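Next up: a single chain in structure tokens, the form predicted alone.
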């Protein structure tokens, strides 16, 4: 059973008398453990697709299944549970709370899920150690570099031990060297069994993936395997 399955999926928006086809008739599957790059120009539909896969938006037509569950049939509570425990999110902007330490920022998903304090601190510490920030757990975001802040964001995404990580332009706010470090970290997470779906407009970043989906005007125009990773 594929981890992600889309069948005839479309997402339309109405703006006045006009209908915008953000996605049109998309069918694809993503297996557990894949590393997929989604590429395409602005307005191609890649962010809309990421929002639907992340259960933050619903399709207009077609079907989306995650781990065999038809998303449109799920309650709001169940969707929230999936977002909090099954899927991890990493964005271009780190979205860290400035008054919280790296440890507390990493703990947040566990606080929302009601995890006891001792357990969530242990898991958050382990997640920070995994991303190379063992000695930075009590630093505030302002005391961390951009790359370190993104590592905290990745630790926060992974602290619930999700099987799927969605990364939207995760290197967009970083210099080239730091971006390479972040992509190497995502690759290591993927080697550990986490499915990674990445949005990027940079060919060098997409090259870390093993599969490339190219979108244009709301349609999937190419689905190709990448022969090697960096």
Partner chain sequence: MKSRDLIATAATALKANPLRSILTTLGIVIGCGSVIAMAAIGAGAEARITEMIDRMGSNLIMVLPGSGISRGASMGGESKQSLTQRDVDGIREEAQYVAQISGSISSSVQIIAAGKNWRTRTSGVEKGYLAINKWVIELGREISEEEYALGRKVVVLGASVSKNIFDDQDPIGSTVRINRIPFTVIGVLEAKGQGFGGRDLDDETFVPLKTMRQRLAGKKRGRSGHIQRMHIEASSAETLTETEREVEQILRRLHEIKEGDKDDFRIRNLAQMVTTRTDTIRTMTLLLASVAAISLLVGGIGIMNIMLVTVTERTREIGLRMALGAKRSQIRWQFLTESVILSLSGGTIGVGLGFGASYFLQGIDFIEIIHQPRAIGLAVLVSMGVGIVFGFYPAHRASLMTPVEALRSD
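Owing to the predicted nature of the structure, the values given are computational and were not obtained by experimental measurement. Positions refer to the first chain, counted from 1.
A second form of this protein, the form predicted in complex with its partner chain, is not displayed here; the remarks below concern that form.
Original post:
Would you say all of 5, 12 and 30 touch its partner chain in the predicted bound form, counting a heavy atom within 4.5 Å as a touch?
Top reply: Checking in the predicted bound form: none of 5, 12 and 30 is within 4.5 Å of its partner chain.
Original post:
Pick from 52-60, 36-44, 176-184, 189-197: which stretch has a heavy atom within 4.5 Å of its partner chain in the predicted bound form?
Top reply: Partner-contacting stretch among the options: 52-60.
Original post:
Does its partner chain get within 4.5 angstroms of any non-hydrogen atom of residue 104 in the predicted bound form?
Top reply: Contact with its partner chain, yes.
Original post:
Wondering, does residue 111 line up within 4.5 Å of its partner chain in the predicted bound form on heavy atoms?
Top reply: Within the cut-off, so yes.
Original post:
Does residue 120 make contact with its partner chain in the predicted bound form, using a 4.5 Å heavy atom cut-off?
Top reply: Looking in the predicted bound form, residue contacts with its partner chain include residue 120, since a heavy atom lies within 4.5 Å.
Original post:
Would residue 132 show up as a contact with its partner chain in the predicted bound form if we use heavy atoms at 4.5 Å?
Top reply: Residue 132 lies outside the contact set for its partner chain.
Subject >> Among the candidates 115, 92, 148, 137, the residue which, in the predicted bound form, approaches its partner chain to within 4.5 Å (heavy atoms) >> reply: It is 115.
**OP:** Determine the residues of 84-103 with a heavy atom within 4.5 Å of its partner chain in the predicted bound form and present them in sequence order; the list may be empty.
**Re:** Going through 84-103 in order - heavy atoms within 4.5 Å of its partner chain in the predicted bound form - the hits are 84, 89, 91, 95, 97, 99, 100.
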